[in-house]
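The chain below stands alone, shown as structure tokens; this is the form predicted alone.
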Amino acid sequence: MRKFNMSYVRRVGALEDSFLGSGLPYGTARILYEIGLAAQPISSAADPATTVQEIRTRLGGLDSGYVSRMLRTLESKGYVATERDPADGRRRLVRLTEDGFKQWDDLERRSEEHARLLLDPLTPRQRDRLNEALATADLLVRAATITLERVDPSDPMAQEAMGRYFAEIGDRFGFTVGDEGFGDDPTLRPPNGAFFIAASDGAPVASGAVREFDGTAEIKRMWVDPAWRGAGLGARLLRHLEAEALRLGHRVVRLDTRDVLSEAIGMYERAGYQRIDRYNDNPHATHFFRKELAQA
């Protein structure tokens, strides 16, 4: 991993004082690029603003002072404009200026040309291999560096995840599955429960909950974004929920699922869950599992 990182940043020009001849170092150019992404499609007529906090979140929670220094550099060059958010004075809005849009377009063009130069010596078969390898590496590294955060079920991120969860299972079940009252479910809140979110670039990519149910722990609302499946994020989330069940004082955990969710069933069985008889009145569930947890 270290060898690849050192080799790659050199080949893509990230070590240069002027990234791709743009006149900006890589970090500052990346901030400009992220601000421009909020203005898609790139057009000075659109001129939408994003918050500085959103930029920091998308870049992995960069230090606020570091981001402020880069924004001042971009402001001094006339590429961005910042202002206080009229709706919330604690937040700063940032947008590209007309010159900033031109610089964004130029940076995009230079990046495209550099990528083409890197790929030109490769055969079509080699390019396919590289595309597949890079996609796999990107997915696994992003999955490995994601953190699972406890949030209240009423949190907007949790609500977004659950909206996608219910939409997906409704599509796979072939009928609508209601989510009425999810945000007000007290069983998914401390002290008897917890809800967790994994987010990337400010959007939820996985979620799950654990709660006390009939004297044992029960895992609920396990969901992983389809684009993130195959990277082990579901198994990691499951282990995290099991650890939370132990923290809540339970040695046994149960869960239910439906026969069409074959990938989930396979994951539970690989994790040591045993099939049991029905233990609840969930009308959508067809399979029921139990696992005795080992104290870490």
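We call the rigid core the largest set of C-alpha positions that still match within 1.5 Å between the two forms. In this text, all values refer to a predicted model and were calculated from it rather than measured experimentally. Residue numbers here begin at 1 and follow the sequence given.
Keep in mind that the form predicted together with the DNA is not shown, yet the notes after this line are about it.
Stretch-level contact analysis of 58-66, 236-244, 258-266, 31-39 against the DNA in the model of the complex, using heavy atoms and a 4.5 Å limit, identifies 58-66. Distance criterion of 4.5 Å from any heavy atom to the DNA in the model of the complex singles out 88 from the list 88, 112, 128, 99. Although the partner is absent here, residue 52 lies within 4.5 Å of the DNA in the model of the complex, judged by heavy atoms. The DNA is not drawn, but in the model of the complex it has no heavy atom within 4.5 Å of residue 228. Put simply, residue 116 is far from the DNA in the model of the complex: not one heavy atom of it is within 4.5 Å. Using a 4.5 angstroms threshold between heavy atoms, residue 220 stays clear of the DNA in the model of the complex. When the rigid core is held fixed, the Cα atom of residue 248 travels less than 2 angstroms between the shown form and the other one. In the core-superposed comparison between the shown form and the other one, residue 69 has its Cα shifted by at least 2 Å. With a cut-off of 2 Å and the rigid core superposed, residue 258 has a Cα displacement that falls short of the cut-off between the shown form and the other one. In the model of the complex, the separation between the C-alpha atoms of residue 85 and residue 160 shrinks by 3 Å or more relative to the displayed form. Relative to this form, in the model of the complex the C-alpha atoms of residue 236 and residue 60 separate from one another by 3 angstroms or more.
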